[in-house]
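Just one chain is shown here, as structure tokens, and it is the form predicted alone.
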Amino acid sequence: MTDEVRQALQILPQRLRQTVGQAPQANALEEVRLRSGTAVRLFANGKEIALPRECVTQELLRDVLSAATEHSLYAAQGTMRQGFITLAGGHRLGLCGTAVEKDGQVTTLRDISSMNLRIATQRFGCADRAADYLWTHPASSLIIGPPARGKTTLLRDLIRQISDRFLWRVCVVDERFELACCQNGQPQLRIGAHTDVLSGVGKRLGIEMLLRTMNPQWIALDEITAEEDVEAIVRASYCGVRFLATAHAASADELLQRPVYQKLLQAKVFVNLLTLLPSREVRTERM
């Protein structure tokens, strides 16, 4: 069992922790899924495997939540209302349950019904080819690939490399604490010595804040999904900052078919296209 997996499993009760740790898939473990009334399931190597002797109860969910919040639900409300808790080491506990709304905003989650423990891993060097390409082609770059292909992992290592190898100033809009996974102001994952992180804020507002205060050469963000994200990126591109970002698309053709990206492509903000192939290799090309 790797150190990352061992650290992530600390929030599980001891008996379940031992069972999961002894599973054949433990070294490649990516997720532990806990759904009330069903068997514990492990996700590794692209497959979900059930542990039929381990049934998820409400008591188990409460115990895991208590351990994940260090027995202080109140202190964790800020991210719980967004459906997750960031753990030491950059691991994350996703939550589903009953959302409590006020004035159109989710204020908390109660009656937790399922959890997804996602193990954070850094694959140092996975962005070597992409970083070399950016050194010779320094321009805004878009990483594309289908879900679960490894876009966030590639983006994180690319941020680290252009920060440490090339000494470029990088600012990260870490809206959901996924890139740097800051906890108490400390990044839990290595993202480079010349990198500044703004966590827990939306992309539009985050981009504006960083432009005003941090003088970035690059701004990195994960998952462009909304029209307002696109508008903020287009406006900021006129200020001379370069962007690193990801988008869900298996190919350039699929990217062109998505309305939210059409304005971005028309504005010619992104010059480099980095496509994650099924082999996890990166194809680099000009847009």
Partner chain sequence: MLKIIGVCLILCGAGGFGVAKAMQFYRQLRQLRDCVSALEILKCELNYTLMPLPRICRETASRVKAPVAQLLSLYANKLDNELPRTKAAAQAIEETRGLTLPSDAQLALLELLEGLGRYDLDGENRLLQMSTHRLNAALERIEKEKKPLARGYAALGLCTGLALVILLV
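Note that the structure is predicted; figures quoted are calculated from it, not measured. Residue numbers count along the first chain shown, from 1. Rigid core: the largest C-alpha set superposing within 1.5 Å between the two forms.
The form predicted in complex with its partner chain exists for this protein as well; it is not shown, and the discussion that follows is about that form.
Exercise. May I ask whether 14, 17 and 66 all come within 4.5 angstroms of its partner chain in the predicted complex, judged by heavy atoms?
Key: Judged in the predicted complex, 14, 17 and 66 all sit within 4.5 Å of its partner chain.
Quiz item: Here the chain is shown alone; which of 228, 70, 254, 48 has a heavy atom within 4.5 Å of its partner chain in the predicted complex?
Solution: By the 4.5 Å criterion, the partner-contacting residue is 70.
Exercise. Just give me the single entry in 214, 148, 75, 193 that has a non-hydrogen atom within 4.5 angstroms of its partner chain in the predicted complex.
Key: Partner contact (heavy atom, 4.5 Å) among the options: 75.
Self-check item: Proximity to its partner chain in the predicted complex (heavy atom, within 4.5 Å), stretch among 75 to 83, 167 to 175, 122 to 130, 197 to 205
Solution: Within 4.5 Å of the partner lies stretch 75 to 83.
Quiz item: Going by a heavy atom distance of 4.5 Å, is residue 136 a contact of its partner chain in the predicted complex?
Solution: Heavy-atom contact with its partner chain at 4.5 Å: absent for residue 136.
Quiz item: Counting only heavy atoms, which residues in 175 to 206 are within 4.5 Å of its partner chain in the predicted complex?
Solution: The one in contact is 184.
Quiz item: Taking the rigid core as reference, does residue 63 move its C-alpha 2 Å or further between this form and the one not shown?
Solution: Yes, its C-alpha moves 2 Å or more.
Quiz item: Honestly, after the rigid core fit, is residue 110 moving at least 2 Å at Cα between this form and the one not shown?
Solution: True for residue 110: a C-alpha shift of 2 Å or more.
Self-check item: Relative Cα spacing, residue 81 and residue 225, in the predicted complex - shift of 3 Å or more
Solution: Closer is correct, given that in the predicted complex the C-alpha spacing of residue 225 to residue 81 is reduced by at least 3 Å.
Quiz item: With a C-alpha distance change of 3 Å or more, do residue 106 and residue 188 lie closer or farther in the predicted complex?
Solution: Farther apart, by at least 3 Å.
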